[in-house]
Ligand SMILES: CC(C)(COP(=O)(O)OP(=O)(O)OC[C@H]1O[C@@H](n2cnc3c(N)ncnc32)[C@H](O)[C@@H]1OP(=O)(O)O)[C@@H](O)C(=O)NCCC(=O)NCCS
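Here you get one chain, nothing else, as C-alpha cells; it is the form predicted alone.
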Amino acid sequence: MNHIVAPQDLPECLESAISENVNAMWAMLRAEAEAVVAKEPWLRPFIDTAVLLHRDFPSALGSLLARKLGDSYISADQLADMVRRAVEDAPCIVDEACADLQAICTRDPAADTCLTPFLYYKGFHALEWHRVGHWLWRHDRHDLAHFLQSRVSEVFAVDIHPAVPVGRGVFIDHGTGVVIGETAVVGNDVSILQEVTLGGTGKEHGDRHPKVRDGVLLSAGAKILGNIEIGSRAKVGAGSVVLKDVPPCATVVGVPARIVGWCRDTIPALAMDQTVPEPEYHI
C-alpha cells in the first residue's frame, strides 16, 4: 500500500497535494469495497450505502458517521447535514480524517484494508465526530457540541471534551474507555489505546489536563493526570499513572510512573511497541 502523507502545518501552496491524498484514499476505499461485494454479495446493500453510492470521501464519511449516531432527537439526515456544513467551513476536517485513517492502516496489523477501519473502528468514528464537535465548540455552539459528546460516549464508549484540540494522524485503538478532559491537548501522530485517561487531579478549574505532544504512544490503561506535559516521542507503559511531566523521548512505566528508558523507537506512536525495559529511576 502506498503511504498517503498526513499533512501537518502545510503552507497554502500545498493544498492541492492534500486533496490528492484524500482522492487517493477514496479510490482505495472504493476498490476495496468492490472487492468485498464480489466476495460477499450479502453485504452489497451495506457497502453500497456506506461507500459505493457516494461521490467522494467527505460524503461517504458524513453519511457513515450520521448513521452511527442518529437517534430520535437528531436524525441521521440532520447529522449528515451537520457534517457537511462543518466540512464546507473547515475542509481540514476531511484532511485530518484521511490522515487518521491512514494512521490506522499503517499502525494496526489487524487492519487488513483501509475499508475495515473506515466501516467498523469505533475509535476512528469517535475521533471524527469529535472533530465536528470541536468545530461546533469553536463557533460557540457549546450545547450542540455537548450533545454530540454525550452521544459519542453512549455509542462508542469514547469521551472527549469538544474543547480539546487534536492533531492529525491520531490513532485511537479499540477506543473503549478513552477519556480526554476539557483542557487537554493531543498533538500530531499520537497513538492512544483503550482505557487511557487524560484527566485532572481534582475539582480545580482552569487549565488542568495533560498536553500530549507529537509522536507519543499512550499504552493500554495509562492514566495521565493534571496539567502536565508528555514530551514529543515519549512512551507511557500500560497501566501507568503519570502525575509529572515526561521529558521528550522518555519511556515511563509504573504507579507512579518512572523513567525506564529513552527513545528505543524513533517515533513510538508509529512503532506501536508497548514493551518496556525494567525501571531505573523516578521522573
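Numbers for residues come from their place in the sequence shown, where the first is 1. Just so it is clear, the model here is predicted, and its values are computed rather than measured.
One more form of this protein should be noted, the form predicted together with the ligand, which is absent from this view; the next part is about it.
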Single option in 255, 38, 53, 27 placed near the ligand in the predicted bound form, where near means a heavy atom within 4.5 Å: 255
Interface residue in the predicted bound form among 149, 188, 102, 197, criterion: non-hydrogen atom within 4.5 angstroms of the ligand: 197
Partner-proximal stretch of 211-219, 240-248, 43-51, 56-64 relative to the ligand in the predicted bound form, 4.5 angstroms, heavy atom: 240-248
Contact of residue 201 with the ligand in the predicted bound form (heavy atom, 4.5 Å): yes
Distance check, residue 225 to the ligand in the predicted bound form, heavy atom within 4.5 Å: yes
Inter-Cα distance between residue 203 and residue 143 in the predicted bound form, nearer or further [3 Å or more]: farther
